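The chain that follows stands alone, in the form predicted on its own, written as structure tokens.
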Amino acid sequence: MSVKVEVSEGGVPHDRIMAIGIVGSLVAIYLTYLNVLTGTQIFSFFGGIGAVFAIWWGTDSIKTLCSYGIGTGVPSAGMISLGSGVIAMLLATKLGVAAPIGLVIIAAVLGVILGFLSDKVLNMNIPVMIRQLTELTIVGALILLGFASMATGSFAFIDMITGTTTFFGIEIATYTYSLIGGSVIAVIFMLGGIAIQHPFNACLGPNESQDRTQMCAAECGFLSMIAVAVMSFAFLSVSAAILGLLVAFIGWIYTYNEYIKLSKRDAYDWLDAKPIREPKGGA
């Protein structure tokens, strides 16, 4: 295919967005390690911010891939990023403090393989397929690790599979009441998948603008972060969970208001229409 959209007019080059996204995500996720150093859980919210950075980057990756005329492939691009990313994430959590860096390396290798199979074996013949699927696999893995770190306060595998319960007043370890054992990871999977798929689908068209699409991505990221913050009450102290919820809510309010401003800017007209009323009486 020959149609290609490099960047919206006056926009930020994709390479710069990728650099900001990967550095911002890694730094934020690593800041959750302050929980270990300080013996608290109050730094858990940084994991959610790391996931938002990844979603923001991944939205532009999806746009770059789908600018070749496969706009209907947005859902599949989002799902393969999270589906392959969860494999990289689970492997990386066994690497201790090196987990976030190891995640990027493992996800990149997996993404190259998937990109090659999609482009060369399935004959999709899209010039950016290998690179963008590599990026999206890294993005998916970072989203999952970020939200998992926010929910549990750690990016270690043992903390994601082990929880605690009380039996006759004695606190004991359990695998059921954990992020993975309780299938909370499945909810995080869908929260990340929807957040990365929606922005470009919502904003594409002849009047698509990069800043509006990226703001929608940040808004979707913080909205998913709110849900993760609510789930974190099951794993974190009340104060740490409330802090995460507060940060997520403030981020969502800001990005939502900015997205509405950009939507009004780009719209031909803005009508505050009322809901359509159903006619009274039966047919």
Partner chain sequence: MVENLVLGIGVTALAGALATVAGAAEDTESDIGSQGDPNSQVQLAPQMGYIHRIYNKAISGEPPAYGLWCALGAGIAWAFMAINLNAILALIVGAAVAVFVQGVYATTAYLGRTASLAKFEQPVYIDILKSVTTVTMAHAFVAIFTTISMCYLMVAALGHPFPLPLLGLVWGIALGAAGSATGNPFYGKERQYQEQKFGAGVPISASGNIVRYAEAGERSSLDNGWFTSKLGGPASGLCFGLIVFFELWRTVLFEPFAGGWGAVIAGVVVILIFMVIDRFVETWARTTFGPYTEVAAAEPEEAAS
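Here the rigid core means the biggest group of C-alpha atoms that line up within 1.5 Å when the two forms are laid on top of each other. Numbering follows the first chain given and starts at 1. Quantities reported herein were computed from a predicted structural model and do not represent experimental measurements.
Beyond what is shown, the protein has a form predicted in complex with the partner chain; the following relates to that form.
Checklist entry - Within 4.5 Å of the partner chain in the predicted bound form, heavy atoms considered, which of Ile242, Ala227, Val27, Leu34? => result Of the listed residues, the single hit is Ala227.
Checklist entry - Among Leu65, Met231, Ile42, Val247, which has any heavy atom within 4.5 Å of the partner chain in the predicted bound form? => result When the partner chain is considered in the predicted bound form, the option within 4.5 Å is Met231.
Item to check | Which of 129-137, 207-215, 152-160, 109-117 lines the interface with the partner chain in the predicted bound form (heavy atom within 4.5 Å) | outcome: Heavy-atom contact with the partner occurs in 207-215.
Item to check | Exercise: Ser178 in contact with the partner chain in the predicted bound form, heavy atom 4.5 Å | outcome: Heavy-atom contact with the partner chain at 4.5 Å: present for Ser178.
Next on the checklist: My question is simply whether Leu103 lines the interface with the partner chain in the predicted bound form - judged by any non-hydrogen atom within 4.5 Å.
Outcome noted: No, Leu103 stays farther than 4.5 Å from the partner chain in the predicted bound form.
Checklist entry - Would Leu145 show up as a contact with the partner chain in the predicted bound form if we use heavy atoms at 4.5 Å? => result Answer no; every heavy atom of Leu145 is more than 4.5 Å from the partner chain in the predicted bound form.
Next on the checklist: Under a 4.5 Å heavy atom criterion, is Tyr256 part of the interface with the partner chain in the predicted bound form?
Outcome noted: Taking the distances in the predicted bound form, the answer for Tyr256 is yes, it comes within 4.5 Å of the partner chain.
Checklist entry - Since the partner is left out here, which residues of 249-280 would have a heavy atom within 4.5 Å of the partner chain in the predicted bound form? => result Counting only heavy atoms within 4.5 Å of the partner chain in the predicted bound form, the contacting residues of 249-280 are Trp252, Tyr256, Tyr259, Ile260, Ser263, Asp266, Ala267, Tyr268, Asp269, Trp270, Leu271, Asp272, Ala273, Lys274, Pro275, Ile276, Arg277, Glu278, Pro279, Lys280.
Next on the checklist: When the rigid core is used for the superposition, does Lys264 move between this form and the one not shown (threshold: C-alpha shift of 2 Å or more)?
Outcome noted: No, Lys264 moves less than 2 Å.
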